[in-house]
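Shown next as structure tokens: one chain only, the form predicted alone.
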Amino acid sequence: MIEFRDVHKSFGDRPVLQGLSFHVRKGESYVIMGPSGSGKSTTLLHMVGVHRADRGRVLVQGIDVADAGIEELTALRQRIGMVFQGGALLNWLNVYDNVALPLRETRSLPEAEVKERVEEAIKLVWLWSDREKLPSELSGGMRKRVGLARAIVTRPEIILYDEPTAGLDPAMSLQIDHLILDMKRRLGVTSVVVTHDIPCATRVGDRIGIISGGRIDVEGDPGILDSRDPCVLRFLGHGSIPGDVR
């Protein structure tokens, strides 16, 4: 479904991805973790062609994103939903119109079908009674849920989540995690989740990959976060590790 093969990416003289390789299976929820600045969000943006690899291959549903032309890339993006860290809502549009936006901008659908899809998506995230509110009237958790509704309204095959629980209290984080799992169960989507939130990672992830030095250092099921692997211990901030005298 998604595969990175020895991907390198630098911004100016600053290398970010340095031989990044991993794959995500169809229908899987894959979590990417790592310290700030390690390239997690950059990795997501490679999947939709916002960034192009300097070297290596990024394959999404068999399409080499780095070499894709604009028409092929546009068609691929229409099969991918993305939930941004801050929601990325348009402040002058209410909940309903924010969710309807991708259908109106990228699809030629009759308004009756737009209404049906938007209503379905908003109800899936429990916000139908709030559909006429502006983003400024919503809590942080509600804005995240609107962002998720907007991501699923196009009925994508892949959903990318960038820090979906950042800034939320534990109760709202748990709600967002349940929504991610619900989207996977109901819609059969493949999910890639970038997060620092360990409870989120263990709840939603089938597999977790931890980035360090621009590549995946350790990968496995959520149980790896309980391991004594040096990369895991460094990421979790346990300081020195057994045998490390530096």
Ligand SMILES: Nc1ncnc2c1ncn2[C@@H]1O[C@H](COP(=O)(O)OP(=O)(O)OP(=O)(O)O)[C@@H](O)[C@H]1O
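Since this is a predicted model, take the numbers as computed values, not measurements. Don't overthink the numbering: it's just position in the shown sequence, from 1.
One more form of this protein should be noted, the form predicted together with this ligand, which is absent from this view; the next part is about it.
Of the candidates Pro35, Gly213, Gly188, Pro199, Pro35 is the one whose heavy atoms come within 4.5 Å of this ligand in the predicted bound form; the others do not. Stretch 39 to 47 is the contacting one of 39 to 47, 63 to 71, 173 to 181, 216 to 224, since its residues have non-hydrogen atoms within 4.5 Å of this ligand in the predicted bound form. Although the partner is absent from this view, Glu163 contacts this ligand in the predicted bound form, with a non-hydrogen atom inside 4.5 angstroms. This ligand in the predicted bound form comes within 4.5 Å of a heavy atom belonging to His51.
Remark: Arg228 does not count among the residues lining this ligand in the predicted bound form, judged by a heavy atom distance of 4.5 Å or less. Mapping the unseen interface onto this chain, Gln85 counts among the residues with a heavy atom inside 4.5 Å of this ligand in the predicted bound form.
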